[in-house]
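The chain that follows stands alone, in the form predicted alone, written as structure tokens.
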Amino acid sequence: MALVLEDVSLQIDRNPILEQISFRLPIGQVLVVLGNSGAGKSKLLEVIAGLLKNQSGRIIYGGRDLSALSPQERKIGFVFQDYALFPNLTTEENILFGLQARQAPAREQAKWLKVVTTELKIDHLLKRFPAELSGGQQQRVALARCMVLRPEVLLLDEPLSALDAASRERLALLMKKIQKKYRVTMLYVTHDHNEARFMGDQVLLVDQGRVVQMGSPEEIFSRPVSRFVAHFTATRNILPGRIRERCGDGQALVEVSGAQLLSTSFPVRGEDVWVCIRPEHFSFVEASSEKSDENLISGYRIAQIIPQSGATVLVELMNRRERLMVFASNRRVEDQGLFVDNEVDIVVAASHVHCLPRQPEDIYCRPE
């Protein structure tokens, strides 16, 4: 069984918002929806929930089309970005609101209140009002209010965006644990790439209301289908190159920035390509190590070292023609004595040298 969308489209005031969205999400998996602001991510959730009516296409779950059903009939939970808690109700009253509206028996209400508040670690907050809760606590209450209704599909619209970094991390870990334990089918909208990679079994990237690419997090972030996707997923290193030799066994020799790199990821027919390499896929060559000319890149110097979150830095490398961005740990920078103006050698595996057509026909690959 799966949640299936078939050519779902939405217009508002004759303006196209979603255009022929199609995907299949198996039960118990998490689909993360990524895209720029205005790409249609939230509207997609609202259409699935029944809050907006799609003009065409079908939304299928359990073998039946949900498109004609009301939101109440769809058994779909929605956690909004702004929590949407009732300010005059306590935590307990907010959580039980839906069950009481359904006139659920008191025993059922008590049972599921205990289950969800224990799982979400908010059982000590039952008598507090929303104004007395932190942002993370309010988000847990909003999630609990959905979970007590036991929805078959759970939709979350940027649930962690208003929280500080530490709260985001804690709640993401908790949601992932609960999702795995109860095999909740989930659509999860976010702008955060780390959240997408952590939460998602699959990632759906949308742009201007259309599906650009769908696949595992590894596919989306390491094997983009267009230059637009590569930029959106912060590939950072997108360099002009040329395929010099197709070596068989799914390999090619690519000339880029004066280096000859072996690639095992070049789904292109032409010779002129964009070479995409993520900054975390490079490694610095230690002075004491034996150098190999296989995917060894020389002739770069360190232009600047930019601190990142945690114990990571982003190292900008320059030569006469190109710039490369490389992630490294603070420990690696210290151990190898990496300083500005040092000349360095770096290496990258052939599987991480991903090639795209230089002038792709893909209509979604619009210029920056």
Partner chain sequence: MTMIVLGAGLFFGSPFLALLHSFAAADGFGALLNPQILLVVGTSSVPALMATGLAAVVGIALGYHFTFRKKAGGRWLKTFFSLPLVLPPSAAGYMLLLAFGRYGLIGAPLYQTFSLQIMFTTTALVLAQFFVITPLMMQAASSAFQQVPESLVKASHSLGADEYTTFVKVLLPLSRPVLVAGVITAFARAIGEFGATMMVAGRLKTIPIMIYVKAMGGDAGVADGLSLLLVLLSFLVLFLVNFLGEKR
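Residue numbers count along the first chain shown, from 1. For clarity, every value in this text was computed on a predicted model and none was experimentally measured.
A second form of this protein, the form predicted in complex with the partner chain, is not displayed here; the remarks below concern that form.
S.K.: Which residue, F80, F198, F129, W112, is the contact with the partner chain in the predicted complex, using a 4.5 Å heavy atom cutoff?
M.R.: Only one option qualifies, and that one is F80.
S.K.: Only one of L120, M186, L85, V229 has a non-hydrogen atom within 4.5 angstroms of the partner chain in the predicted complex; which is it?
M.R.: Selected option: L85.
S.K.: So in the predicted complex, does N194 come within 4.5 Å of the partner chain, heavy atom to heavy atom?
M.R.: Residue-level check for N194: no, no contact with the partner chain.
S.K.: Determine whether any heavy atom of E46 comes within 4.5 Å of a heavy atom of the partner chain in the predicted complex, and answer yes or no.
M.R.: Although the partner chain is absent here, E46 would touch it in the predicted complex, with heavy atoms inside 4.5 Å.
S.K.: Does the 4.5 Å heavy atom contact test between I76 and the partner chain in the predicted complex come out positive?
M.R.: Answer yes; at least one heavy atom of I76 falls within 4.5 Å of the partner chain in the predicted complex.
S.K.: Any chance S134 has a heavy atom within 4.5 Å of the partner chain in the predicted complex?
M.R.: Contact with the partner chain, no.
S.K.: Would all three of L51, R102 and L149 be in contact with the partner chain in the predicted complex, where contact means some heavy atom lies within 4.5 Å?
M.R.: Yes, the whole candidate spot contacts the partner chain.
S.K.: Pick from 251-259, 235-243, 172-180, 141-149: which stretch has non-hydrogen atoms within 4.5 Å of the partner chain in the predicted complex?
M.R.: Checking each option against the 4.5 Å cut-off leaves 141-149.
S.K.: Just to make sure I understand: among 62-76, which residues lie within 4.5 Å of the partner chain in the predicted complex, judging by heavy atoms?
M.R.: Contacts from 62-76: P71, Q72, I76.
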